[in-house]
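Shown next as C-alpha cells: one chain only, the form predicted on its own.
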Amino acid sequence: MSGFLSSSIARKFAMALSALFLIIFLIIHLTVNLTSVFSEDVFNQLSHFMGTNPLIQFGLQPVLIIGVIFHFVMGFVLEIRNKGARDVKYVNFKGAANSTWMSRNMVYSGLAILAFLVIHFIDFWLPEMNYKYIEGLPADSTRYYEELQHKFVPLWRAAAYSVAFVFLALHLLHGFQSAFQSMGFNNKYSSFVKALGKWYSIIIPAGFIFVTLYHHFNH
C-alpha cells in the first residue's frame, strides 16, 4: 500500500475515491436528517435502525471513520507536496491567475470542517457511545428526535454548525469536480460534472443548514 501511495497519481486517485465515498455518505446523512423535519417517528425509526444494526455499527461505521481520517491525512499530504513542488519548480507561480480561491484554500476549508467534525463527534457520537456501551442503558427507539432537537437549542451551536456547512460548500465547490477529474473523467463529461458539482455543493450544505435552523427555531 505504501508503495502504491508513493506515486503522485496514485495518491490523487486514492484521495478521489475517499472523496466520492464521503460525497455519497453526505447524501444519505442529509436524507435521514431531513426526515426529522417532516416526521419525528420516521426519524426515530431510521436512527434506531442505524444505531442498533450490527452491520452498520461494526462494519460501515468503522469504514466511515477510517475514510474520514484517510481523506484528511491524504489531503494534508497532497497540500504539503504540492506546495513544495510550486516553491521549487514555479518560482513565479501566480495562484490567483491559475486557480480558483476554493482550490487555493482547500486546506483551510478542510481544517474548518475538521474542527466541526470534532464538535459533531462530541455532540452526537460520544454521547451515543456512552449511552450504549458505558452506561449500558436500555434501547429506546423514541429518544433520537428529542436529542437532536435539544442539541440545536443554543444559538452558538446552531450558528457554529451553519458556518461549518458554509465551509463545506466552499470545500465541495472545488473538491467535487477535482475528485471526478482524478478518477479519469475527460473533457467530454467536464461540463456535466462541473454543473452537478455546483448544484451538489449548494444543495447538500443548504439542506444541513435548513435542518439546523429548523430545530433551533422549533424546539
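Each residue number is its position in the shown sequence, starting from 1. Fair warning: this is a prediction, and the values are worked out from it, not measured in the lab.
The discussion below concerns the form predicted together with a small molecule, not included here.
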Handout entry: Stretch in contact, per heavy atom within 4.5 angstroms of the small molecule in the predicted complex, of 190-198, 38-46, 65-73, 158-166
Key = 65-73
Problem - Distance check, Ile23 to the small molecule in the predicted complex, heavy atom within 4.5 Å - result: yes
Practice task
Considering only heavy atoms, tell me if Leu148 and the small molecule come within 4.5 Å of each other in the predicted complex.
Solution key: no
Exercise for the section: State yes or no: in the predicted complex, is some non-hydrogen atom of Met129 no more than 4.5 angstroms from a non-hydrogen atom of the small molecule? Expected result: no
Handout entry: Proximity of Val211 to the small molecule in the predicted complex, heavy atoms at 4.5 Å
Key = no
